[in-house]
Every structure is written in C-alpha cells, then in structure tokens.
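Both blocks below hold the same protein chain, though in two forms, and each is given as structure tokens: structure 1 and structure 2.
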Structure 1
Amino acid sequence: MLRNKKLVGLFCFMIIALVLTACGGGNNAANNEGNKNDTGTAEGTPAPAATEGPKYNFRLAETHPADYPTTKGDMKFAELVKEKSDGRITIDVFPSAQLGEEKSAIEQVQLGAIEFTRVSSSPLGEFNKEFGVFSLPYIFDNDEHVWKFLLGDAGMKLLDSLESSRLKGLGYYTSGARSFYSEKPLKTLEDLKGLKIRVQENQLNIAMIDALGASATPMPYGEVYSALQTGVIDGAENNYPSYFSSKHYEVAKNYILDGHQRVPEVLMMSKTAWDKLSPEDQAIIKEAALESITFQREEWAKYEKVSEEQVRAAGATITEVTDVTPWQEAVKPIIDANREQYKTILDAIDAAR
C-alpha cells in the first residue's frame, strides 16, 4: 500500500514538472518577442552600428592676420562645417600667408595640395577672366548694390564658372570700398591730377588712374609706406581697414571717399577635393559657406567703424564724394572698351542697381 502511494506521488510530481516546464517555455518565448528592438534583434544583442561618414581634415590658406574680418569669416565657416558634420569634417585656417600669398594659394588649391582658400577677386581674374569685371571702376553704387548682385542668380553663376578653372566657388566676403589717399589735399577729382598714385599691377587699375588724370605707379604693397614717406609716390588707394592697419594714414593724411572699386573676396575649394565628397558633405560645405557670409560682413562693418574712428582721431582729413558722376564720366572710356567682354555680367550689375 505504501509502495502504491509512493508511485502515485512520483507520478503526480512528474506531471506537475512537465506542466511548469511547458508554461515556462511559453513565457520565455513571449518575453523574447516582446523584448526585440526595432531592428528585430533581441534585447541584449548589439544592433548593427549606424554607418559613419568619412572623416576629413582640410586646410584653408588665408593671407590676412588672425584678427582680420576675412580671417574671422574663414574661422566661422570652419566652425559651422565642424558643427554640421558632427565633427567629421575639420578645417584648419592658416592666416598671415603661412601657406603662401594669394596667387600661390590659388595655384595650390587648383592642384589639390590645399583644399580651401580665401582670396580677393582681383588676382582671381588671372585664373578666370570673368572675375576681372570687379576691377572696373564705379560699376557699383553702394554696398547694397554689390550684395544684391553677388547673392543673386548672376553672382552665383559667376561663382560656378570657377569650376572650369579647377576651383569650386563657395561664397563671397566683403572688402568694402576702395578710395584714394594722399599726403597732399584731396577734395575733388581735380586734386588727383598729376599725382603719382600706387596701384596693384593690373592693367585695368593702371587705365583707371590714367583716366582720372593721375600717374599710375605699380608697387608691392609692403613698399607703400616708405614710398609715401619719402615722396616716391604722392598717394595710394585702398579700403578703410587697410588704410588704418597699414598705418598709411600717418604719412598720407588726406582720404577722399570716392569708392571707385568694390572688389569682393571669394571663398573657394579645390575642385579635386570637392569631387571626392559625397553629395551630403558637399551640401554641408556649401551651406556653411553661405551662412558664414553674414558673420563676416558684420565683422567687417565693426572693423571698418573702428578704423574710421582711429584715423580721424589721428588727424586724418576725410572727404566724402557726394556726386560721383564726374568720376564715372572720366572712366567711361574704360567701361566702354570692356563692355563687350563683360556684357552679360555688366548687364546683370545694371539690373541690380
């Protein structure tokens, strides 16, 4: 009897164990299904890592010092690129011509030896003839006029035309307006007659000086201060910040604001390096360049204001030209001689007026 009770007990135990095992297995299966993540893998199993884009470290050549508005624009551009790429793309800015002067930097960017540079559109005209249009005098009325053109369709097409020169135009920066200064009084156009004026070695600049009745004297920028001081030249021309930072106001205290040229700066990239980027990274670079323009213009405006205050405080005589018509009439033959070559661009500039 006892033996039969033991057998019945053992049988009941086995039945209960089987039931519990079945229930436990069902619960585990349900739990595993419920704990799967969106990729269909069970919790605890690592999901495949998201594919990261390639990492880049680029260089940007800049001729101006670190505290200059264009260099600050470069740095803002680099900051935006790093931010938009989550740190994948970094750009080191090399100011003060560490990687070469502008012409040399352009050549290196063409070859892909340097990925980025910021240069004046004046030397850029040697690599793309259409950019020579900015050396023509008095084609812009004011800052609003030049930016309406630069940020319009025609200005963007001009940037795109750099691709034929193995360069990728990304955006424009401002460099203000260029005006004349001299150690002799400058109140009117007539006061320029016969003066020896230093200019950049550019045929359009030389023609402009001749048309205004002065004598053009091409000369390296670094020699201008001593040439003014010793009387080798009577005057020169440049924007407010350069007039101040070069200390030319110390030896040429008369500055006449005729605004004969508004030569924009150009931020650009090697076409070779650009073509290696994915469309997504190209969009990041372009977007950051365009966003940095506002910052650079604001920095320029602040620096320009400080420059004006400093040269006035130092005793410079500033004369504003209220009627530029006589100046425009004097250089009209230059515009007419080059209108056919730059017709499309000049028409777009006129339309933006």
Structure 2
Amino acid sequence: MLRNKKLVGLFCFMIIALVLTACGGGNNAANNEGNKNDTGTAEGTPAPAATEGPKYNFRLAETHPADYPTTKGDMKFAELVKEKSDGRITIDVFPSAQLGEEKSAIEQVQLGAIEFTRVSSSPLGEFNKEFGVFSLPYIFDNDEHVWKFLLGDAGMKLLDSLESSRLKGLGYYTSGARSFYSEKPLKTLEDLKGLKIRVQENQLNIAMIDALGASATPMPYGEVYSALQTGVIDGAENNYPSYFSSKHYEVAKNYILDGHQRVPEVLMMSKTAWDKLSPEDQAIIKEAALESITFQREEWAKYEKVSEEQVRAAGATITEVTDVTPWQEAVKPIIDANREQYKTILDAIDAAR
C-alpha cells in the first residue's frame, strides 16, 4: 500500500516536471522573428510531417541585452533563417546571459544542449587555441584592418578551425576596440600600475595585464559591475558599447582610450546540431549568418556613437592616448613569446595591413 502511494506520488511528480519543462522553454527569449513553432522541439530535433523538409526550433545564447548590436545581429540572423527556410527553421534568441555566461554557453553548444551562441573570441580562445590570437595586444591598426583579415582567406579558415572543437563557426561580428577604465584616475600608463583589473577569461589577458604592471582578475562579464562597486577590483576594460550598456561607467568613471585589443565576436553553432542538417539547410544557416554581418556592423556604428555620447554626458572622464608606443613596448614580450605559436595567423594579419 505504502509502496503504491509512493509510486503514485512519483508519477504525479514526473507529470508536473514534464509540464513545467514544456512551459519553460522559450518564455524568456527575445521578441524576435524566430518564435517557437508548434511542431519543433526545444532541442532542435526534426519534427515530423513537414511538406518541404523538417522543422526545427533552435536556441541562441547571447550575453548582451536585447538592444545591444550583437543581439540585434543575432535577431537579424534568426529572421533571415526563418525567411529563407519558409518558416521551417526558427531560432529563439535568449539575451542577457539567460542561458549562462559565455564560458558555460560555449560548453553547452559543444555538447549540443544549446544549438547557437554568439561569444567573444577571447573566452573562445580557451576552447580553440587559434582564437587566442585576438587577445594579443595591438596587433590590429584599426577596424578596417580587422575586417580585411576576417573576411579574407585566413579569417575564414580560422572560423572553420572551430570544427576541431565541436563548433561550427558561422561568421564574425564587430566589437570595436577595448580600453581600460577604473574608478581611480587613469591619465597615463603609469596610473595602471598596481591596479586590480578584471579581464575576459583567457590566459593571454593575464600576461598582458602583468606586463602593464597591474594585476589581472579573470571573471565572467555579468559579475563585473558588482565587483567594481564593492571594490573587489579597481577596474576593467572594454569597448564603448559594453562600458555603456553594462553601466560600468557608473562605478568606474575614468576611461583611457588605449585600444589595446580588437576582439571579434563569433556567431557559431553546435557541430552536433550542424551535422544533423541537410546540405540545403546548412547553406541557409551559413548564408543568413554572413548576410547578418553587414546589419550588425551598421548597428554597431550607431550604438558606439550613442554610447560615447551617453557616458560623456554622464560625466565620465575620457582620456585619449596620443602616443600608444609606450603601451606597445610594455606588452611586446607577450607578442614575442607567442609569435612562434601564432606565426601563420600573425603573418596573415600583417599581410592584411
């Protein structure tokens, strides 16, 4: 009798759990074109009985909020995929790290638990060493130089190299230049000395910060605001849009524009999910990703301007670096130590100059 009661209890629990799981999926997805369809499953397994081909409903993990240029790029990508597949393939974009911070999102995409993500090359470099190259400081002159490399053969080959890490690279998005900020005054390279600086989770960043005389604290993006506020760290580094959208400028008002890194964003898919698609559907996904790049870059340009205006209006102290040579000299040992490992890519980057 007692055993029967236990069984009934277990059965009821399983039903409730199933109902909750079914209701939970997609609830927090950004309001984009790729809304959940009726027949696809959250895991992206083919649904039966579609006339022109299988239906899919996929998820995309994004760390930034809905109005950020990378998220807008993701949504454009989802919209294009839906359009090109006549509504058969839908992608729900989950902004604001709802599906986890970048490192965890990459792991989940590798496992196929999430089908897509957009992440920065810097944390990606811990999963695929080649991507570490973007964490080497001052290797690009400007945005034009970055894009000449990314859209050239070497950039595309690099994207393809993700397959060895169980990831399918689809395209790059832009992310401007990263610079340092702190609550303490930052007017010169000297001011960085001794500060505790948060960096993206990549070993090369630690070496870079050491070389600049500060000490590095790697941590996920979502934890930086409170770490700055509570004084766990003195500063961090990022581009204008992230400095603004994360509100870090409220708790670290001094921004020095040294532009040490230009770290491209990467849109990618789980290799497991990719391999299950027909060549036609793979072509749709790839094409949509490449087409969304132009849109993302336009959104970036607008948002970068607005971010600068907003942080200036909020009273941030912005210092331009007129001569970046001392900064470059300070970090040169890092480039020298890694030149051999990244020789082919660094040569291609130089050739794109």
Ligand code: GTR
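The first residue in the sequence of structure 1 is number 1, and each one after it adds one. The structure presented is a predicted model; accordingly, all values stated were derived computationally and were not measured. Think of the rigid core as the biggest set of C-alphas that the two forms share within 1.5 Å after superposition.
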I need to confirm something. Of structure 1 and structure 2, which is the form predicted in complex with the ligand? 2
Rigid core superposed, CA of residue 253 - does it shift 2 Å or more between structure 1 and structure 2? yes
For residue 158, does the CA position differ by 2 Å or more between structure 1 and structure 2 when the superposition is done on the rigid core? no
Does the distance between the two CA positions of residue 124 reach 2 Å or more between structure 1 and structure 2, the core being superposed? no
After superposing on the core, C-alpha shift for residue 215 between structure 1 and structure 2 in angstrom: 4.9
